[in-house]
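In structure tokens, one chain follows: the form predicted on its own.
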């Protein structure tokens, strides 16, 4: 497709071999979040401070007195990863100005799940981005509150079954479409916004490096597969991440100062959404007409994105 432009990516030999998120954590088999986190930290290196909201990644990694984090790490409340991250960024800036620490770039990042980003953490995220803090916010999106029992969030997709949006005859699962937080961040005039998925590791690593190079706020929304919550086999985690991109359900793109660009080429004709929905137990109640409704929505959103890629100009 002539609308798609692939940018230069980092070769595998340039990926940091050091692990900044150690083995031995308690993540579920096939956890896409922990894989994404591993790639993110490899891209950033050790000059980083992490503010991590309560959620799956905190629970599986920081049970006192042990920690899987090999970088400075702060566990913060569910709703305030962005607020704490912005405070850390401001403190580091003040300490450098006063000569209390070395004058080198130590990047501050905030990490939260879709609940801690799209729901309870959205106010703090909006404030941090609006104020222009030099930090990166990562949403690890597994599309529900998985840590506390697979409850729906505003990132849960239409018609997905969760424990608080069960699939019955009258109401077949989630009733609203997934909240588009990357677009909300673009509306904040954030200099760099991107979507990513650990099934495409070099694309993810490249975007993290680009976000780290930005002077100001950056936002990366990482689609993070969850076999436990999605009721699918743990060994197909990478496959599911590929399918969500190939069907257009979760396109990979970046927005640099308002200019959109697709970063992963897909065929001119997208794969049917049924290829992605069928392996997941959370969608097993769908009828053919339900799948068609989802397909129509995906097609419409895909065309909207292609139009932005074609027409939107930088700020």
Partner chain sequence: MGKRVGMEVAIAAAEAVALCNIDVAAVYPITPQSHIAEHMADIIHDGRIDAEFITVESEHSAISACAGASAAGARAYTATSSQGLMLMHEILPIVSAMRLPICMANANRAVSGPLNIWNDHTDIMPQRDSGWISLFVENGQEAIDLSIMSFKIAEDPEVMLPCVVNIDGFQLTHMIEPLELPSQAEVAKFLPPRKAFAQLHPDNPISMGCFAMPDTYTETVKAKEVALRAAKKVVTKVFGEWAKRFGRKYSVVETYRAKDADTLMLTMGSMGETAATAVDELRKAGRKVGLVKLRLWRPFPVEEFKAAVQGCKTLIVMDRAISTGGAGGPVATDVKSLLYGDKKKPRVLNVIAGLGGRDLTVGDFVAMFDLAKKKKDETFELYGVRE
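The structure presented is a predicted model; accordingly, all values stated were derived computationally and were not measured. Positions refer to the first chain, counted from 1.
Same protein, other form: the form predicted in complex with the partner chain, not shown, and the subject of what follows.
Any chance 206, 210 and 256 all have a heavy atom within 4.5 Å of the partner chain in the predicted complex?
The answer is no; none of 206, 210 and 256 reaches the partner chain.
Under a 4.5 angstroms heavy atom criterion, identify the one residue in 76, 111, 196, 218 near the partner chain in the predicted complex.
Exactly one listed residue reaches within 4.5 Å, namely 76.
Which of 136, 159, 146, 84 has a heavy atom within 4.5 Å of the partner chain in the predicted complex?
Contact check passes for 84.
Can you say which of 151-159, 97-105, 186-194, 173-181 gets within 4.5 Å of the partner chain in the predicted complex, counting heavy atoms only?
Only one stretch passes the 4.5 Å heavy-atom test: 97-105.
4.5 Å heavy atom contact, residue 226 and the partner chain in the predicted complex:
It does not: once the partner chain is placed as it appears in the predicted complex, residue 226 has no heavy atom within 4.5 Å of it.
Does residue 132 make contact with the partner chain in the predicted complex, using a 4.5 Å heavy atom cut-off?
Output for residue 132 is no: heavy atoms all beyond 4.5 Å of the partner chain.
Can you tell me whether residue 163 touches the partner chain? I mean in the predicted complex, with a 4.5 angstroms heavy atom cut-off.
Although the partner chain is absent here, residue 163 would stay clear of it in the predicted complex, with no heavy atoms inside 4.5 Å.
Considering non-hydrogen atoms and a 4.5 Å limit, does the partner chain approach residue 70 in the predicted complex?
Flag for residue 70 set to yes.
Partner contacts for 42-73, taking the partner chain in the predicted complex and a 4.5 Å heavy atom cut-off:
Stretch hits, in order: 46, 47, 48, 49, 58, 59, 62, 63, 64, 67, 69, 70, 71, 72, 73.
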